[in-house]
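Okay, so here's just one chain, in structure tokens, the form predicted on its own.
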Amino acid sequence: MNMSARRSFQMVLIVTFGLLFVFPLYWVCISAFRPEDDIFRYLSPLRIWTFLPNRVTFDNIVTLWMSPFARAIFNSIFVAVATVAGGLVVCAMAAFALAVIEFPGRSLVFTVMIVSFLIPFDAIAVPLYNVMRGFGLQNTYLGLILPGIGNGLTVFLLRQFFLGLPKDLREAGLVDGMGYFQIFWRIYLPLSVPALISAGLIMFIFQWQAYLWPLLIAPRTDLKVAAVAIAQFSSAYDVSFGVIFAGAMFVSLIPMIILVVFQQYFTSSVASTGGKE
């Protein structure tokens, strides 16, 4: 196989797999604009109307935004943005300490941090809920935000990025009389904008897609996040599939737009974090 044929074959594979990944989102979007009776009507056998709606309606969108979903979207955005803002401060300082400052037990702390983000959140959700309830943080924004601030994966990525920066910068700062915080604030942070954006994206997605924790800690109606609000359209006696698809469409599009805008920072940052001790 010559080079041209190989590239053509690779392009066909890329396009095919790309379409397979995009199709679920496409299905969600077209189902959001279909009448309830048409959503599953054309699944078997497959026909042109399986992929193109023959009737379009905005009833699902109207019903969705007339429900408490608008408040839920606001809650999700507020909680995610607040988590990113607070989390970047905490995780960046922790990553700097683990990468730059030599202190006893540093390797042990780093190992514990690595293990922490390998543990499924579902395994610690109930004990964490009991702790939060003990502090009176049930049905509060703070209760929704706090568990997302300390993100082990974010600390790991930022630490790896900091390790890749020249040590001469730190040594020059120490010679000039800077403390570690000044080195962190005036030297490391300005050079770490791509890594910080990448870390912020990770934290945003983690918080945006959260379902179990918001369901446990904030059951009050005015504090529900979007993922929980969508689930409310399904009950033991009725499921509003059209409205669920409409909600899923908006919940999916918001992080997708953010990722498309900042994807170059994400890929460049992740590519620069490997292979450092």
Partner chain sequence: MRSLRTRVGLLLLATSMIAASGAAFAEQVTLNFLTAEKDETVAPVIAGFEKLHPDIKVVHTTVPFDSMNATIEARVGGQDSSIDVFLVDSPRVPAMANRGYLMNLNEFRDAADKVSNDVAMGVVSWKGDMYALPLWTSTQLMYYNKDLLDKAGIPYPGAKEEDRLTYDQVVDLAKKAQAAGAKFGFLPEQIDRYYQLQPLFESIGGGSGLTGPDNLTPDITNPKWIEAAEFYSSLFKDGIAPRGVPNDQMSSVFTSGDVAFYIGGPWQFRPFNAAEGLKYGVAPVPYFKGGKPVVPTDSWAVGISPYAAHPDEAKKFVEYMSINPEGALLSVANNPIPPTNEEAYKTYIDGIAALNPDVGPAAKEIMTYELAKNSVSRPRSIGYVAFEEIMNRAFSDIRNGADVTTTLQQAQDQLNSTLARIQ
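Remember, it's a predicted structure, so these values are computed and weren't measured experimentally. Residue numbers count along the first chain shown, from 1.
Only in words, not in the display: the form predicted in complex with its partner chain, which the text now covers.
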Picking from Cys29, Ala70, Leu216, Val62, the single residue whose non-hydrogen atoms come within 4.5 angstroms of its partner chain in the model of the complex is Leu216
Is Thr57 close enough to touch its partner chain in the model of the complex, meaning at least one heavy atom pair within 4.5 Å? no
Although its partner chain is absent from this view, report whether Lys224 comes within 4.5 Å of it in the model of the complex, heavy atoms only. yes
Would Asn130 count as touching its partner chain in the model of the complex under a 4.5 Å heavy atom rule? yes
Tell me, yes or no, whether Gln182 is in contact with its partner chain in the model of the complex, where a contact means a heavy atom of each within 4.5 Å. no
Out of the stretches listed (121 to 129, 72 to 80, 184 to 192, 198 to 206), which one is close to its partner chain in the model of the complex, meaning heavy atoms within 4.5 Å? 121 to 129
Every residue of Ile101, Glu102 and Ser107 near its partner chain in the model of the complex, heavy atom within 4.5 Å: no
Counting only non-hydrogen atoms and a 4.5 Å cut-off, give the residues of 137 to 172 close to its partner chain in the model of the complex. Gln138
